[in-house]
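One chain follows as structure tokens, the form predicted alone.
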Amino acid sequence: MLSDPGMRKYLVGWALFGVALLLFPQVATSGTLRIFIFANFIAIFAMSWDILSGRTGYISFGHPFLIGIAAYTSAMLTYHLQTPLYFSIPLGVIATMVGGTLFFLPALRIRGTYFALVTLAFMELMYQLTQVMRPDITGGTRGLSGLPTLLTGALPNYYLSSAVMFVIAFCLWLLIRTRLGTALSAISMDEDAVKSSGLDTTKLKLFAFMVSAFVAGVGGTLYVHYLGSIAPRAIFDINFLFTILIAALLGGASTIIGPIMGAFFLTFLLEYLRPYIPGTERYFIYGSIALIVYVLEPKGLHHIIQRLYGALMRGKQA
């Protein structure tokens, strides 16, 4: 693998990306670091969506459902039972993988629009349940506040979120370059052909879902304990879902690297628009920008950068 020049080029790129993340606080203000922290979490959620929907073609509109299970599990354990974070966070991830599988496994047997609608229904169901079912436990519409945090301060949280995002990204990138990743991609192109080749597509989709749920669970638990609070309107908000989807599609679905680009681009765009457009109109503007980019280049920012890099290399050789 290391003897492949293409692989060495990518590994050098990952190393440079890691070094850039490490050195970035030296030139950034604390305010910029906080924006970057949020971008890291959006990148984690977008990669989680990408490994399932971008890779297999099963478009999910219910990803906050998975994030919410993990976040609420850890939040309620720490808030009501004073469970240490090193127990509540793994339990939140496990709850996402188990609870999400119970709901999503039947949905994995349907395709297309029906799958998307079922996942959206799951998200709406979770949103309603957290408000009306035992509000003394879930916090109801107000949610829970005063939750313990892993770290305090912009710099420690930046390094934690960046490290988690980088490790997840690199591991998922390695995964999609294996035969298993190729099989998942084949499902999105022609699932019946994959079945006829002797592969169990249900098991493949379940594997993709479990990986997606694990990443969503890790991101959800760390996110809620970074904020120190949780509310159903924040986790299950349509703008939150919209941001995850657009980050993955704008950056370049089925690439892992693309969702990171999309998450950073959208997060900084939203934050820098805030002084000029403080309301939700910002989402209309960045949605319009994302639509224009997606129409011009459906493969996203990742492909645009690849083409520019290729043109630059050809220019140097000429």
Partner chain sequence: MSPLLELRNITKRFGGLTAVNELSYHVEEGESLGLIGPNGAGKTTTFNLIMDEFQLTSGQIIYRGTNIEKLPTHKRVQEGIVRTYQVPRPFHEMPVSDNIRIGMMPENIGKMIAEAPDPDAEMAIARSVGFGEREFAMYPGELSMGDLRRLELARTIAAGPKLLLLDEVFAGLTVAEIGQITELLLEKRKDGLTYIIVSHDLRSLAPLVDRVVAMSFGALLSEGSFDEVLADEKVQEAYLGT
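Please read all numbers here as calculations on a predicted model, not as lab measurements. Numbering follows the first chain given and starts at 1.
Keep in mind that the form predicted together with the partner chain is not shown, yet the notes after this line are about it.
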Next on the checklist: If the cut-off is 4.5 angstroms on heavy atoms, which of these, Gln131, Ser229, Asn157, Ser185, is the one near the partner chain in the predicted complex?
Outcome noted: Ser185
Checklist entry - If you check Asn239, Thr178, Thr149, Ser145 against the partner chain in the predicted complex, which one has a heavy atom within 4.5 Å? => result Thr178
Checklist entry - Any of the heavy atoms of Leu108 lying within 4.5 Å of the partner chain in the predicted complex? => result no
Next on the checklist: Can you work out whether Leu102 and the partner chain are in contact in the predicted complex, taking contact to mean some heavy atom pair no more than 4.5 Å apart?
Outcome noted: no
Next on the checklist: Test of understanding: in the predicted complex, would Asp192 fall inside 4.5 Å of the partner chain by heavy atoms?
Outcome noted: yes
Next on the checklist: How about Val98 - does it come within 4.5 Å of the partner chain in the predicted complex, if we only consider non-hydrogen atoms?
Outcome noted: no
Item to check | Listed range touching the partner chain, judged in the predicted complex by heavy atoms within 4.5 Å, from 157-165, 243-251, 217-225, 203-211 | outcome: 203-211
